[in-house]
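Only one chain comes next, encoded as structure tokens, the form predicted alone.
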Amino acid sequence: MIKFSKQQLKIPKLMRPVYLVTAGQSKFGRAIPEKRTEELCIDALTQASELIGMSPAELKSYIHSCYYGHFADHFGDQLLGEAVIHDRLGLDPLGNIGVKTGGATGGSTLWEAVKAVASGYSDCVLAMGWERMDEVPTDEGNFLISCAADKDWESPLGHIYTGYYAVMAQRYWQIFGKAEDSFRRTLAEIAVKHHGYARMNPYAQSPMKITVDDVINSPVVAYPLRALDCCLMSVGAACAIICDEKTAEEMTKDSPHKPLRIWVAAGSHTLRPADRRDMEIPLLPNENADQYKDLGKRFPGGDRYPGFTGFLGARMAAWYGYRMAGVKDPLEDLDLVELHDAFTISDVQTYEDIGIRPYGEGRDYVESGDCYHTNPKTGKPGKLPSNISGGLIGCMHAVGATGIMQTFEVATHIWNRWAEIHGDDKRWKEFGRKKPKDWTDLQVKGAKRGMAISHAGVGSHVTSTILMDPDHLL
């Protein structure tokens, strides 16, 4: 059984407040042959500068060190890709380092950037992530990504990540979904929602107006997961500028744009998903031990934690992150979330790991309508909207950029700039995408606080990034 020491459960403390000043991203697509990777990174940095009324050169003059997320060297056939991008951005000879933690690479890059500012090493840093997944066929790309798995313990489960998640989906469906067809339809509703929200996002790779039956009838990849249950393989870049308070104020002194407080925490778990040690559930601030005493009775087979149905890494990232930022109950204290929906089943698993719903009850977050921008049952705002960007299923999964994209999307709502950024006709035309006639403003009105979860593998490394309007701290 896993047990923690007092030192291991110490709440991380930032030595000084840290701020997200601005951020940006490129167009995302399955293939973008017309642009080199460095051009996509330049697009992201240019947008970040424009949001605070600066030129890229002015913005770069503040940067002291750089953190670059780029997961798969295999795709671009380039080791030390961070050195290439650093050079092309014109940031030599400043210090830089590459970050690689699988699917969580974007979130981990922010984790390192925040720590650099919190420690005082730098007053202003660039966190940039990207991925180039259009230089190999899809089947080869899936194989290359799966090389991040433990070849002894994970690979025999399926050889591609859909195979790994299919096994977990089957287990979750049997225990917490009670093998009901209705649960499979709930998973499909997630895909419908995320592809649907992507229709309103000019950056998004896979906007689709689909139905639950479309998802259920799409080709099987690894049963019970079908093509429309799965995230995208993408090309694109995203960045964020992380600063201390004084620098943040200086950079925005001539702009109404407000820097946001940022916290990032991380957790991990062994790559051996079928050999994970039993333990007591680490309780989040909105939970108590009594609510899990009869978990095995209500859901036979669900009493072993974390078993094969949850992500301890996500639970630990939230465990630290909530306590760092003062979050008592995510459903009450946060206004929106961007979750790592690599697959529809991982989305449901994460609801429980981060305490939006208790373990075993994740499906209710969807079925209640709480996860929607507008609750389809009541017509009123959803209680805690999720993945309005379209997520990894509808928007993109350019791995090194993903966690940064999610954070940028949360920030656009807190800045009250979602419609400005996503509804601009010029941007739709620039990206060669047709703005739908029924385009809808998905701004979460009055948003003050939000969170993004960045997740690797089958939960081997997870980060939680929490953003808050500095006038609405907890």
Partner chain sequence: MSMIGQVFVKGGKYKLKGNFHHLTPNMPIRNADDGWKLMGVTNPRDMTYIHMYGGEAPFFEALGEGKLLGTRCDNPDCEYKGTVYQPFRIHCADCLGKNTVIDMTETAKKKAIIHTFMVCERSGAFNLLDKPIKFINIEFEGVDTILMSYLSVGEPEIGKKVVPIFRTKNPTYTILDLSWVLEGTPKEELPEGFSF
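None of the values given here were measured: they were computed from a predicted structure. Numbering follows the first chain given and starts at 1.
Heads up, the form predicted in complex with its partner chain isn't pictured, but that's what we're talking about next.
If you check its partner chain in the predicted complex, you find no heavy atom from any of Lys258, Leu336 and Thr374 within 4.5 Å. Residues placing heavy atoms within 4.5 Å of its partner chain in the predicted complex fall in a single listed stretch, namely 217-225, out of 217-225, 282-290, 112-120, 385-393. Interface membership of Gly163, defined by any non-hydrogen atom within 4.5 Å of its partner chain in the predicted complex, is confirmed.
Contact annotation: Gly446 falls outside 4.5 Å of its partner chain in the predicted complex, judged by heavy atom distances. Contact check for Glu180: no non-hydrogen atom falls within 4.5 Å of its partner chain in the predicted complex. Contact check for Leu94: every heavy atom lies farther than 4.5 Å from its partner chain in the predicted complex.
Out of the listed residues Arg88, Arg276, Arg323, Arg184, Arg276 is the one that sits within 4.5 Å of its partner chain in the predicted complex by at least one heavy atom. Interface residue among Lys209, Lys246, Arg298, Arg272, judged by heavy atoms within 4.5 Å of its partner chain in the predicted complex: Arg272.
Contacts to its partner chain in the predicted complex (heavy atom within 4.5 Å) from stretch 28-44: Pro33, Glu34.
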